[in-house]
Ligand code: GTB
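Only one chain is given next, in C-alpha coordinates, and it is the form predicted alone.
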Amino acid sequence: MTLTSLPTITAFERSPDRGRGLARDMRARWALEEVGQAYEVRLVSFAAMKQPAHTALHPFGQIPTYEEDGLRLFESGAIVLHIAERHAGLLPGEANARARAIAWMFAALNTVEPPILERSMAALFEKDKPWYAERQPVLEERVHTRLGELSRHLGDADWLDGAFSAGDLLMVTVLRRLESSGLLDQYPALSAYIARGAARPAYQRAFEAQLAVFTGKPAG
(Lines give C-alpha, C1' and ligand atoms only; values in the text may rest on other atoms or scores of the structure.)
Protein backbone atom coordinates (compact mmCIF):
# COMPACT_ATOMS: atom_id res chain seq x y z
CA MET A 1 0.00 0.00 0.00
CA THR A 2 1.33 3.45 -0.93
CA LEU A 3 1.25 6.00 1.85
CA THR A 4 0.38 9.53 0.81
CA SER A 5 1.33 12.61 2.77
CA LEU A 6 -1.21 15.06 4.09
CA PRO A 7 -1.86 18.19 2.05
CA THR A 8 0.24 21.11 3.24
CA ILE A 9 -0.79 24.75 3.03
CA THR A 10 1.27 27.82 3.80
CA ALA A 11 0.16 30.65 6.07
CA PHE A 12 1.59 33.85 7.53
CA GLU A 13 4.00 33.36 10.40
CA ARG A 14 2.73 36.71 11.71
CA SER A 15 -0.51 37.60 9.98
CA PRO A 16 -1.30 41.30 9.49
CA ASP A 17 -4.94 40.55 10.36
CA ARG A 18 -3.92 39.68 13.95
CA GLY A 19 -5.90 36.44 14.00
CA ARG A 20 -9.21 37.83 12.72
CA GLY A 21 -9.61 35.11 10.11
CA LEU A 22 -9.15 37.44 7.14
CA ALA A 23 -5.89 36.09 5.72
CA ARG A 24 -6.50 33.96 2.65
CA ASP A 25 -5.20 30.74 4.15
CA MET A 26 -8.52 30.81 6.02
CA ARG A 27 -10.24 29.84 2.78
CA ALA A 28 -8.09 26.74 2.32
CA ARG A 29 -8.37 25.82 6.01
CA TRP A 30 -12.16 26.13 5.94
CA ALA A 31 -12.49 24.07 2.76
CA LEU A 32 -10.32 21.30 4.19
CA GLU A 33 -12.30 21.32 7.42
CA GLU A 34 -15.62 21.16 5.53
CA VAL A 35 -14.59 18.02 3.67
CA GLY A 36 -12.97 16.40 6.72
CA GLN A 37 -9.47 16.34 5.27
CA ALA A 38 -6.59 16.54 7.74
CA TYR A 39 -3.81 18.88 6.67
CA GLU A 40 -0.54 20.42 7.72
CA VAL A 41 0.45 24.08 7.79
CA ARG A 42 3.86 25.53 7.09
CA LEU A 43 4.26 29.05 8.43
CA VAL A 44 6.31 31.52 6.42
CA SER A 45 7.66 34.96 7.30
CA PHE A 46 7.24 37.98 5.05
CA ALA A 47 10.92 37.73 4.16
CA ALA A 48 10.68 34.02 3.34
CA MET A 49 7.66 34.64 1.11
CA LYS A 50 9.91 36.51 -1.33
CA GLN A 51 12.68 33.92 -1.38
CA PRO A 52 13.13 31.40 -4.22
CA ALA A 53 11.95 28.44 -2.14
CA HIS A 54 8.53 30.07 -1.75
CA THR A 55 8.25 31.84 -5.09
CA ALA A 56 8.78 28.43 -6.70
CA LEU A 57 5.40 27.60 -5.15
CA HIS A 58 3.77 31.02 -5.54
CA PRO A 59 5.23 33.19 -8.32
CA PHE A 60 3.89 36.35 -6.65
CA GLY A 61 5.32 35.59 -3.22
CA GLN A 62 2.02 35.37 -1.34
CA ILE A 63 0.03 32.83 0.66
CA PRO A 64 -1.59 30.36 0.67
CA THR A 65 0.01 27.62 -1.35
CA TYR A 66 -1.07 23.99 -1.44
CA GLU A 67 1.05 20.88 -1.89
CA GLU A 68 -0.12 17.29 -2.07
CA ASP A 69 1.38 14.22 -3.77
CA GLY A 70 3.48 16.25 -6.18
CA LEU A 71 0.77 18.83 -6.92
CA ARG A 72 1.61 22.45 -6.19
CA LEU A 73 -1.07 25.11 -6.31
CA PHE A 74 -1.34 28.81 -5.54
CA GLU A 75 -4.31 31.22 -5.44
CA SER A 76 -6.91 30.58 -2.76
CA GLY A 77 -9.77 30.19 -5.24
CA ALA A 78 -7.91 27.54 -7.22
CA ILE A 79 -7.02 25.72 -4.01
CA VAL A 80 -10.63 25.72 -2.79
CA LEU A 81 -11.85 24.51 -6.19
CA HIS A 82 -9.31 21.67 -6.17
CA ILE A 83 -10.38 20.60 -2.67
CA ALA A 84 -14.05 20.81 -3.66
CA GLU A 85 -13.49 18.70 -6.77
CA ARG A 86 -11.40 16.11 -4.95
CA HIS A 87 -13.73 15.63 -1.97
CA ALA A 88 -17.50 15.48 -1.53
CA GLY A 89 -19.26 18.23 0.38
CA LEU A 90 -18.48 21.54 -1.33
CA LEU A 91 -19.94 21.09 -4.82
CA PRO A 92 -23.30 19.60 -5.80
CA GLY A 93 -23.36 16.30 -7.63
CA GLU A 94 -25.85 17.44 -10.26
CA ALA A 95 -24.02 18.95 -13.23
CA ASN A 96 -25.94 22.21 -13.62
CA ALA A 97 -25.99 22.91 -9.88
CA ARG A 98 -22.26 22.19 -9.78
CA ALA A 99 -21.63 24.66 -12.60
CA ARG A 100 -23.67 27.33 -10.81
CA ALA A 101 -21.73 26.80 -7.57
CA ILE A 102 -18.46 27.26 -9.47
CA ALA A 103 -19.88 30.41 -11.07
CA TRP A 104 -20.49 31.80 -7.57
CA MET A 105 -16.87 31.03 -6.68
CA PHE A 106 -15.78 33.21 -9.60
CA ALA A 107 -18.33 35.88 -8.68
CA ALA A 108 -17.00 36.10 -5.12
CA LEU A 109 -13.41 36.63 -6.25
CA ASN A 110 -13.86 38.49 -9.54
CA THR A 111 -16.97 40.64 -9.00
CA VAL A 112 -17.55 41.19 -5.28
CA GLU A 113 -14.03 41.18 -3.85
CA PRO A 114 -12.26 43.72 -6.15
CA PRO A 115 -14.18 46.85 -5.04
CA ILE A 116 -13.92 45.73 -1.40
CA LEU A 117 -10.15 45.33 -1.70
CA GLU A 118 -9.77 48.61 -3.60
CA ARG A 119 -11.52 50.44 -0.79
CA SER A 120 -9.40 48.70 1.85
CA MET A 121 -6.12 49.37 0.05
CA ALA A 122 -6.98 53.03 -0.36
CA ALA A 123 -7.67 53.32 3.37
CA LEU A 124 -4.32 51.70 4.14
CA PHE A 125 -2.06 53.42 1.64
CA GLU A 126 -3.74 56.62 0.43
CA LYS A 127 -5.17 58.25 3.54
CA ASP A 128 -2.47 60.91 3.52
CA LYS A 129 -3.01 61.75 -0.16
CA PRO A 130 -4.88 64.93 -1.13
CA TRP A 131 -7.34 62.99 -3.28
CA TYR A 132 -8.33 60.44 -0.64
CA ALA A 133 -11.31 62.33 0.85
CA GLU A 134 -12.81 62.87 -2.59
CA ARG A 135 -12.13 59.33 -3.78
CA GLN A 136 -13.42 57.45 -0.74
CA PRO A 137 -17.15 58.02 -1.39
CA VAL A 138 -16.69 56.74 -4.94
CA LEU A 139 -14.99 53.59 -3.67
CA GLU A 140 -17.72 53.02 -1.10
CA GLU A 141 -20.45 53.50 -3.68
CA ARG A 142 -18.89 50.75 -5.80
CA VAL A 143 -18.99 48.43 -2.81
CA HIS A 144 -22.61 49.37 -2.09
CA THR A 145 -23.55 48.59 -5.68
CA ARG A 146 -22.25 45.04 -5.35
CA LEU A 147 -23.71 44.55 -1.88
CA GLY A 148 -27.13 45.68 -3.07
CA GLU A 149 -27.04 43.34 -6.05
CA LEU A 150 -25.90 40.42 -3.93
CA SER A 151 -28.49 41.11 -1.23
CA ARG A 152 -31.29 41.20 -3.79
CA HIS A 153 -30.17 37.86 -5.19
CA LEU A 154 -29.89 36.23 -1.78
CA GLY A 155 -33.26 37.47 -0.56
CA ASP A 156 -34.39 35.31 2.34
CA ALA A 157 -32.46 32.21 1.22
CA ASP A 158 -29.84 30.68 3.46
CA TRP A 159 -27.25 30.22 0.71
CA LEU A 160 -26.56 31.54 -2.77
CA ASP A 161 -27.89 28.59 -4.75
CA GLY A 162 -29.50 25.77 -2.81
CA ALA A 163 -27.24 24.02 -0.32
CA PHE A 164 -24.02 25.49 1.09
CA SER A 165 -21.20 25.23 -1.43
CA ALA A 166 -17.68 26.41 -2.19
CA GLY A 167 -19.30 29.52 -3.66
CA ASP A 168 -20.71 30.42 -0.26
CA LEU A 169 -17.42 29.62 1.43
CA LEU A 170 -15.56 32.12 -0.73
CA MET A 171 -18.33 34.73 -0.63
CA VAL A 172 -18.49 34.69 3.16
CA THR A 173 -14.71 35.15 3.45
CA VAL A 174 -14.89 38.07 1.01
CA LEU A 175 -17.76 39.79 2.83
CA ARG A 176 -16.14 39.36 6.24
CA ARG A 177 -13.61 42.00 5.21
CA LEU A 178 -16.40 44.56 5.63
CA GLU A 179 -17.56 43.56 9.11
CA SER A 180 -15.87 46.48 10.87
CA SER A 181 -16.61 49.02 8.14
CA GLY A 182 -20.26 49.74 8.84
CA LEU A 183 -21.07 49.19 5.16
CA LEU A 184 -23.00 46.01 5.91
CA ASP A 185 -25.45 47.79 8.22
CA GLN A 186 -27.81 48.45 5.32
CA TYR A 187 -27.89 44.77 4.33
CA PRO A 188 -29.26 42.64 7.18
CA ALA A 189 -29.67 39.65 4.86
CA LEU A 190 -25.94 39.71 4.11
CA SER A 191 -25.02 40.11 7.77
CA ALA A 192 -27.17 37.09 8.60
CA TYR A 193 -25.61 35.20 5.69
CA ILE A 194 -22.10 35.87 7.03
CA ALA A 195 -23.21 34.79 10.50
CA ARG A 196 -24.56 31.50 9.13
CA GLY A 197 -21.25 30.80 7.43
CA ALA A 198 -19.23 31.69 10.52
CA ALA A 199 -21.44 29.47 12.69
CA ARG A 200 -20.56 26.35 10.71
CA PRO A 201 -18.43 23.96 12.81
CA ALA A 202 -15.85 23.67 10.02
CA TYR A 203 -15.48 27.46 9.92
CA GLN A 204 -15.04 27.56 13.68
CA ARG A 205 -12.30 24.93 13.55
CA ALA A 206 -10.50 26.78 10.79
CA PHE A 207 -10.81 30.11 12.59
CA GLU A 208 -9.47 28.69 15.84
CA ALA A 209 -6.53 27.13 14.00
CA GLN A 210 -5.65 30.41 12.32
CA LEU A 211 -6.12 32.38 15.55
CA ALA A 212 -3.80 29.96 17.35
CA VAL A 213 -0.95 31.07 15.07
CA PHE A 214 -1.37 34.64 16.33
CA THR A 215 -1.90 33.82 20.00
CA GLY A 216 0.62 31.02 20.17
CA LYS A 217 -1.96 28.87 21.97
CA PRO A 218 -3.03 25.51 20.51
CA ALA A 219 -6.43 25.46 18.83
CA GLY A 220 -9.22 23.88 20.82
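Remember, predicted model here, so these are calculated numbers, not experimental data. A residue's number is simply how far along the shown sequence it sits, counting from 1.
Not on display, but discussed next: the form predicted together with this ligand.
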Please name which of the stretches 181 to 189, 32 to 40, 156 to 164, 46 to 54 has residues with heavy atoms lying within 4.5 Å of this ligand in the predicted bound form.
-> 46 to 54
Heavy atom within 4.5 Å of this ligand in the predicted bound form, from candidates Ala23, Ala209, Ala202, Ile9, belongs to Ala23
Have a look at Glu126, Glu118, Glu75, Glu140 for me and say which one sits with a heavy atom within 4.5 Å of this ligand in the predicted bound form.
-> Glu75
This ligand contact at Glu13 in the predicted bound form, heavy atom, 4.5 Å | no
Is there a non-hydrogen atom of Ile63 within 4.5 angstroms of a non-hydrogen atom of this ligand in the predicted bound form?
-> yes
Even though the chain is shown alone, can you say which residues of 167 to 187 have a heavy atom within 4.5 Å of this ligand in the predicted bound form?
-> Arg177
